[in-house]
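Here's a solo chain for you in structure tokens, the form predicted alone.
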């Protein structure tokens, strides 16, 4: 396990929208470099950069055309290497977004594979043995798009043909087993890509759709799990400080099979959704119902979240880290339904839990979700990918380009939050995030280590109290005062951080409305 993860806090950057340094309306590597000090001062010491490889951008870069070439819109390979170097001089790490399950249909591998008689890469992708397929299969096909007498499997959009890592349980002659030489060749090609960027200075990878590689896998994804254990062995041998975080949201599988971290994601019915996204909107984007735990007027308790989180935590706490996120590029920003105070309370919890937290760019100032037309395959996700709001200047400080040339429009609201304005306000969301992360970095008990103890969390009751080493955290998201008795804490608590107010003495915790307090005991 890389030791640096013990005190890591990640900042996710959607590069198109972070900072445009050359005035073409699109963010770039130089823009990220210029803001490394801002990110470090915020309290984040690691970056996750969304896909930045050469791409036709039909899915915002998740359709890779060349894994070993930086997308020219962001800069060159040398510019990306300089970003690694500049981050390292600030004691920061950088993860790239690895897309192992599919490529763009414009990738040279696929172009060759799709020929009537491919001379190479015949089995780099999954092709049936006829131009039409009538069988039953859990995988999805595209037909009529190639010279080759076959249909091909896709992972996501039509433009994203699935790479062939084999089938755990082959059921057709064209379905290769996982130990077929061509299945192994695909895996080795993935390792080669990873080594290329590790040798260039990258510190690891966030892995897109990490559970999707081996087809016809079993319920436990054992075929895909074995593949990732093999890749982890390669990294441990040659790059022991490299980190892997999976888009899997099943830590009892991912963390036991090669990954150091796994996200809790916004899955239907999941515990993470119950915290901040248990809401509904009408067709016009207006909020119609919200049962999210952190909503002031909600009646929800935290037991739905803990009912999923705690078994995963107990089962994996010696294997790796569960990562709570403020949001990401795939989901509406939670400011869509939560107020700044509700956001601050959620951040209080997220940044004082074990595991490795991730902040999505702009969430630290409460950037809003905008209802926008789709851009580069974003669809409803597009509204969470708008330009970072730095100041009150031209295009909110994102770019000097004319407004019509921006990758996406900036928030045009007169009260659009900006970094510049919030830096001047000691009570702003930005300064709350800074204070929380400073406390986390200062106190080892509040970092990634697995030392969580739930002291009070009852069905039908809004507040929760939990302990980590020498600190007790009390959270009350409701509009009413709360009093919790019978806590196994004999010491009087000394407050070290607070949103709102509260006290802890002789096993009794009191919390004001919408309060989060950290006590040293």
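Not measured: the values here are computed from a predicted model. Numbering follows the first chain given and starts at 1.
Just so you know, the form predicted together with 1-deoxynojirimycin exists too; it's not on screen, but the next bit is about it.
**Student:** Have a look at 107, 187, 385, 333 for me and say which one sits with a heavy atom within 4.5 Å of 1-deoxynojirimycin in the predicted complex.
**Tutor:** The residue from 107, 187, 385, 333 that makes the contact is 385.
**Student:** Can you pick out, from 445, 319, 247, 79, the residue that has a heavy atom within 4.5 Å of 1-deoxynojirimycin in the predicted complex?
**Tutor:** Contact check passes for 247.
**Student:** Spot the stretch among 54-62, 456-464, 473-481, 486-494 with residues whose non-hydrogen atoms come within 4.5 Å of 1-deoxynojirimycin in the predicted complex.
**Tutor:** Result of the contact check: 54-62.
**Student:** Using the partner position in the predicted complex, report whether residue 381 sits within 4.5 Å of 1-deoxynojirimycin, counting heavy atoms only.
**Tutor:** Although 1-deoxynojirimycin is absent here, residue 381 would touch it in the predicted complex, with heavy atoms inside 4.5 Å.
**Student:** Is residue 209 part of the interface with 1-deoxynojirimycin in the predicted complex - any heavy atom within 4.5 Å?
**Tutor:** Yes, residue 209 is a contact residue.
**Student:** With the cut-off set at 4.5 Å between non-hydrogen atoms, does residue 329 touch 1-deoxynojirimycin in the predicted complex?
**Tutor:** It does: once 1-deoxynojirimycin is placed as it appears in the predicted complex, residue 329 has a heavy atom within 4.5 Å of it.
**Student:** If we define contact as a non-hydrogen atom of the residue within 4.5 angstroms of the partner, is residue 156 a contact of 1-deoxynojirimycin in the predicted complex?
**Tutor:** Yes, residue 156 is a contact residue.
**Student:** Taking 1-deoxynojirimycin in the predicted complex, which residues of 158-196 have any heavy atom within 4.5 Å of it?
**Tutor:** The stretch touches the partner through 160 alone.
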